[in-house]
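Read the single chain below, which is given as structure tokens and is the form predicted on its own.
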């Protein structure tokens, strides 16, 4: 059972390109949360720094961490490994700091299955349309259309995992989405959970994958 002195865990997941990384940074800044920094075997993108955005490593070192049981969660996504080491997360939570995670549905499910003592709130982000998602991915991967096509193909499978989350939010406007997520977190803090229109989300998902 969580102690009143413990921090809480907030997870943001989404299909690639739906904006979770940007929102994690904004939420952390606004609410003074600690961002969990993942290990990954993928190459850094422009302006990414090791120890700030990710801990960039190779596959051998990553698998060594798996074998040592160091990870709270880990998954292979688009041919690269991603994982969160447990020790730094636990230290922050035990110190009363709230930790926010930028992870995919596989990692989120693993953390839920661990049934840790800390309070956990999970969010799944959706894009407003396939067209917007394609535009966002194209801007990110301007020089590689194959990557964009690969992520769009995976989208139809990833988006179906929305049902496993506490809340689903459509990221159609960054500031409004940020406000909505913060409002939902505060409602949980005050034990006044806000219901969202599940049928509306179902209809939106059906439009996204049709």
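These numbers come from a predicted model, not from an experiment. Positions refer to the first chain, counted from 1.
Another form, the form predicted together with a small molecule, is not on view; read the next lines as being about it.
Segments offered: 92-100, 126-134, 112-120, 79-87. Contacting the small molecule in the predicted bound form at heavy atom distances within 4.5 Å is 79-87. For the candidate spot formed by 73, 140 and 151, every residue has a non-hydrogen atom within 4.5 angstroms of the small molecule in the predicted bound form. The small molecule is not drawn, but in the predicted bound form it has a heavy atom within 4.5 Å of residue 45. The small molecule in the predicted bound form comes within 4.5 Å of no heavy atom belonging to residue 55. The small molecule is not drawn, but in the predicted bound form it has no heavy atom within 4.5 Å of residue 171.
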